[in-house]
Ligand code: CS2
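Presented below, as structure tokens, is a lone chain in the form predicted on its own.
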């Protein structure tokens, strides 16, 4: 079997969509920090469509700040890769060519900084996950105790973090009289542009107060809302893509058919016409963020913890349990939708219907363990935000409290059979210490975990209706297990 390569595109299966443009004529206008599966299934696809429409200035330089693995797999393919869209109807394939080159930050930080300072680069986009911004989600401030931030302050010309690279490149562009690039976060974070802005300005001010003010006055940080379920690519996925593609792709990505991108229109030096590829360009992203963050991401987190506890390996497996489906829909209808204020014409009911359909898709094996990662970073916006709003209005939070209880049970690192497992979370050691001290006492566990201000602030541990509801649910989870507890209430 031949390998995926530009010279062999015409020999691929006839049903495969390939780049409809001359890639050798494409210039690089975007540097993207964090070339993971989601970026390649989302922003690259939108940009690939724009390039097919005749644009020649918005090719992407992909950057991996972790290591060379992705670069080493894609370089022999000249950065072509396959997007495998999986649905009940089967698999459709598209070869994407928007990425023109790739750099690995740890290998040569200077080469990356030089690229970011090229005047042709007008956008630096980011998918670094919650952890990549080195901030405290509860306070919303940059964490100056973060090892990466400490290193970037000590040696700013050899940055290690996303924040450090952006700040150093902007400083160099200012000093050279080059227009600043727009910083566009594409992470699944509420008000991601504001988080990026806070982090970069905070570091810039710490380096030089005048530079910090220059960033504040001159650099745009548009907010975006992104959506496409993109599970980790497995060996079986790679084999299936190869069979249908007619060539070996070292690292394809798999995803669902649904794709959405809402972008705040704030690009002083220009941007691709992403609206021509289906993106929604708006003045205010916030209402769309709330709808997605609380409905989709909140439900994902809920199912990931309850599903993991019950032994359901994927979200689709959770959706085979009718009680889990009823819980998800009830939580959305009764405790999440009332917190939204959507623009006229947005059909929230249809959106919720689509989530049930998307989550049920068995072709998308989105693992509950993957979604459950980094929960301490996710809960503050996905769950704690609506909890606070509901409490302030004196309304019920029972369904949301179940999510928190399930997270607490999960992050003890001991499953329902008494077997220990590793909890993937930035504060896993702190969470384990609390669990060890509480033992199997749900009330003690609730008290200990609610005191973790990084997750719950300083207010929710004193919100007694919430404390009581979480404690009741956690007792039930320990007594009966997740599946039986959910069935008792929603079955």
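None of these values were measured; they are calculated from a predicted model. Positions refer to the first chain, counted from 1.
Unshown form predicted in complex with the ligand; subsequent notes refer to it.
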| query | finding |
| --- | --- |
| Segment that reaches the ligand in the model of the complex - one of 111 to 119, 405 to 413, 222 to 230, 274 to 282, heavy atoms within 4.5 Å | 222 to 230 |
| The single option of 336, 99, 200, 371 touching the ligand in the model of the complex, heavy atom within 4.5 Å | 371 |
| Selected contact from 376, 188, 86, 314, since only one has a non-hydrogen atom within 4.5 angstroms of the ligand in the model of the complex | 188 |
| Partner proximity in the model of the complex: residue 296 to the ligand, non-hydrogen atom cutoff 4.5 Å | yes |
| 4.5 Å heavy atom contact, residue 399 to the ligand in the model of the complex | no |
| Residue 171 within 4.5 Å of the ligand in the model of the complex, heavy atoms | no |
| Distance check, residue 300 to the ligand in the model of the complex, heavy atom within 4.5 Å | yes |
| Check all three, 292, 366 and 382, heavy atom within 4.5 Å of the ligand in the model of the complex | yes |
